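Only one chain is given next, in structure tokens, and it is the form predicted on its own.
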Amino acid sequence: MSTHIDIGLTGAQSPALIDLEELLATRLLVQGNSGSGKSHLLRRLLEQSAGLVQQVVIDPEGDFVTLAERFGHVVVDASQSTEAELSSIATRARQHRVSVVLNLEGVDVDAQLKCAAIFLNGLFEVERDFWFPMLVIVDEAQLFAPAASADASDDARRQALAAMTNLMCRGRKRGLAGVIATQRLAKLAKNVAAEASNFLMGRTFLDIDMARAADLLGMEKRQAEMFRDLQRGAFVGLGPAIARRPLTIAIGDVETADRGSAPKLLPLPGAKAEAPAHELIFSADAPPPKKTAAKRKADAAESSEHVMARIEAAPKPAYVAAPAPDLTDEQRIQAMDDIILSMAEDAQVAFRPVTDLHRDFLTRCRIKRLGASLPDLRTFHKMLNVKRAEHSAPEKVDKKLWGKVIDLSDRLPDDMRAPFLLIARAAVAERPAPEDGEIAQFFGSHSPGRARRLLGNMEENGLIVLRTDFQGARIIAIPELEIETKALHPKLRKAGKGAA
């Protein structure tokens, strides 16, 4: 079964694919002004992944209730449920792996925030046995995680913000993958937005939102103007689940109706009105207006008791969708190495907390069902540093010598281990010494001065020896292993030429 879902076409007219397994581990942030096509994008994502993963939609406007007819989602009407019922429904939905739409359309702002918080907490606090992968889509996320005080009461705002923070910061360990959509990044709490690693940015016009979108996509400020020119339904995507470089995507068609679309122009009744306009407005006997289809459907909303009965009636699934793969120890180790390598290839990995990276790693391992015996935090950190160093110089090297380097690094403090492995890898691969900026970025800093201080500290402790040749090229030697980096003249380095 493929884990890639098709959400539309790229600018080159090739399918735009999202790696669902990667998305479950890294989360998604969608931004676009009203009318940019955010809801259409979310609907496409939900429809394409409906048969692959359990889904929960926090729906403040009732836009996604139509998923029930086509894909069997259970619609939970918040206006018909108590707080205790909402928490119970969330727990049972996870236990039975039933996809749910939480419709908040019929309640006021305060109640929307409280209901969403209660439901998200119910998903979050379920027992470990039911930590199945789940996409949690939150539309209009700025309502539930506002950057500043909102129209709702402080108590409701705090509850919702705490639940959203749990979803985005701690949810991955519990199998919860947050997909949040907002009209304006400036209105969304930064600690919630910052946890997403994948981005789809649509049309926006305010300078502050364009600047933040460009910054998240790693684009220059002058490129931010492009977000004004995007067509409805067009987004710029970036992230490990989407693309390694910013990619323009036109979202494809959807199968279900969108209740959130703006009303279309209609001719006025004129002479065909059922009664004179004056009587329709002022007469006590004026005929009541006809109910719309949406109103008739709302009147027929299921009670919370009926919803829970439907969830209970769903067949209880096995704890895994299919038998766990029968892997040898060698295959398990290779699969974990592949996961760590994919993380090591991310240039920003050094700037993320190691505890966050470890949770990310464990989630990916659970998705691939690699078993319960997984590396602890310290072992994982060592494996990641080694893979990052190997990625910096991927050529074949003497394995015995490289093994000695790794053993030596085990004796070093945590802040020295990563830069030492980078330098030693260059020496083993007979490469020039890395520059100060590269060393600094390797352990999560943008300061070359900090790298120089670290090198000085390493030299004082006898770990390395720094020298320059007669042409001014820096050479770093590791006396204990009797290896050193290769000399490269500064002019050749500046010209971008490799060592002969």
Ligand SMILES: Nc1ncnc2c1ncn2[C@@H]1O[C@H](COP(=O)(O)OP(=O)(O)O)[C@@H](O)[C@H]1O
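Values in this document were obtained by computation on a predicted structure and should not be read as measured data. Start at 1 and count along the sequence shown; that's the residue number.
Below: the form predicted in complex with this ligand, not depicted.
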Original post:
Since exactly one of V98, A241, V136, I251 fits, which has a heavy atom within 4.5 Å of this ligand in the model of the complex?
Top reply: I251
**OP:** Name the single residue among Q55, S36, Q441, T26 that comes within 4.5 Å of this ligand in the model of the complex, judging by heavy atoms.
**Re:** S36
**OP:** Could you tell me which stretch in 229-237, 184-192, 126-134, 106-114 has residues with non-hydrogen atoms within 4.5 Å of this ligand in the model of the complex?
**Re:** 229-237
Original post:
Wondering, does D154 line up within 4.5 Å of this ligand in the model of the complex on heavy atoms?
Top reply: no
Original post:
Heavy atoms within 4.5 Å of this ligand in the model of the complex: does D414 have any?
Top reply: no
**OP:** Report whether the minimum heavy atom distance between E255 and this ligand in the model of the complex is within 4.5 Å.
**Re:** no
**OP:** Output the sequence-ordered list of residues from 66-91 with at least one heavy atom within 4.5 Å of this ligand in the model of the complex.
**Re:** none
